[in-house]
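Given as structure tokens, the chain that follows is alone and in the form predicted on its own.
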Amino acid sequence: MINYELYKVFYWAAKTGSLSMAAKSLFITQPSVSHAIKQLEISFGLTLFYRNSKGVTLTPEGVTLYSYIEKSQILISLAEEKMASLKNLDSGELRIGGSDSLFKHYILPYLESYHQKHPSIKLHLNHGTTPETIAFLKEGKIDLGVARLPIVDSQIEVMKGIELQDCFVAGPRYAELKGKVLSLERLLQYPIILFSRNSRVRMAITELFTSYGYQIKPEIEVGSVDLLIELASKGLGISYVTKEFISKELDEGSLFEIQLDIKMPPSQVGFMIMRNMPLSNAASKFIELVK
């Protein structure tokens, strides 16, 4: 196995046609250049240069070697430029997984800020449920995921984000409930609209009702926050949504919060990365921004 540094010395000597110029380009002494070339020639058992008073020229064997070394040097230079570009965030990509609602109502402002700072970074958003996002992460399809906690998985490291407050809301059709405090039993007498059953929000509300001895059975199941909002405002039932995601509707009066006789626990959002796996520079900078 020949030391790469010997090839580098050979490349610059052949490129400049001068041992002294090669030494100057590599910031080493001319005797060091001569010694390196001698070592290379001994290793191959071939003469690579003709020496003369004007400098050095390649032998036929040297020409053959140079045709390969030149290509490798170009590729190495390109690789070094690419690494510098990635370090400076002049190129690269950021891949994030999560639900549509968290992208729209939580991550979007950070993405806007990130894109303004690093416009050359390509953004890839993979939407899915929490189990799907975890699978994306383990399969290497995303750099990081955002999801509701808790996440219990020894392969995944979680960094806490914001807290969200979920609540039941209704539209004008159920105006008689405005200002009243309902029990869970009374609430269940009305048509309930929930997220699909494999979502973290659905699991959490099901567990909460079970802890009080009730079983919550929705009349309608949907796959997006927008549909939860729209169906409730149209009077098709009472939706369970995240309060921070419907501030506009609450202010306008198209929806109002249903008051309950129990305290609804907040939910925590967090960022997931693979444990003991290095993050790309692009992903690291995004997490720094969110923190």
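A residue's number is simply how far along the shown sequence it sits, counting from 1. As the structure is a prediction and not an experimental result, all values here were calculated from the model.
Heads up, the form predicted together with the DNA isn't pictured, but that's what we're talking about next.
- Residue contact check for Lys54: one or more of its heavy atoms lie within 4.5 Å of the DNA in the predicted complex.
- Proximity of Pro60 to the DNA in the predicted complex falls outside the 4.5 Å heavy atom cutoff.
- In the predicted complex, Pro31 approaches the DNA with a heavy atom inside 4.5 Å.
- Contact between Ser18 and the DNA in the predicted complex is found at the 4.5 Å heavy atom cutoff.
- The putative spot formed by Arg200, Arg202 and Tyr212 is not touched by the DNA in the predicted complex; no residue has a non-hydrogen atom within 4.5 angstroms of it.
- Proximity to the DNA in the predicted complex, defined as a heavy atom within 4.5 Å, singles out one entry of Thr242, Ser233, Gln39, Ser224, which is Gln39.
- For the DNA in the predicted complex, the listed stretch (45 to 53, 259 to 267, 246 to 254, 62 to 70) containing residues with heavy atoms inside 4.5 Å is 45 to 53.
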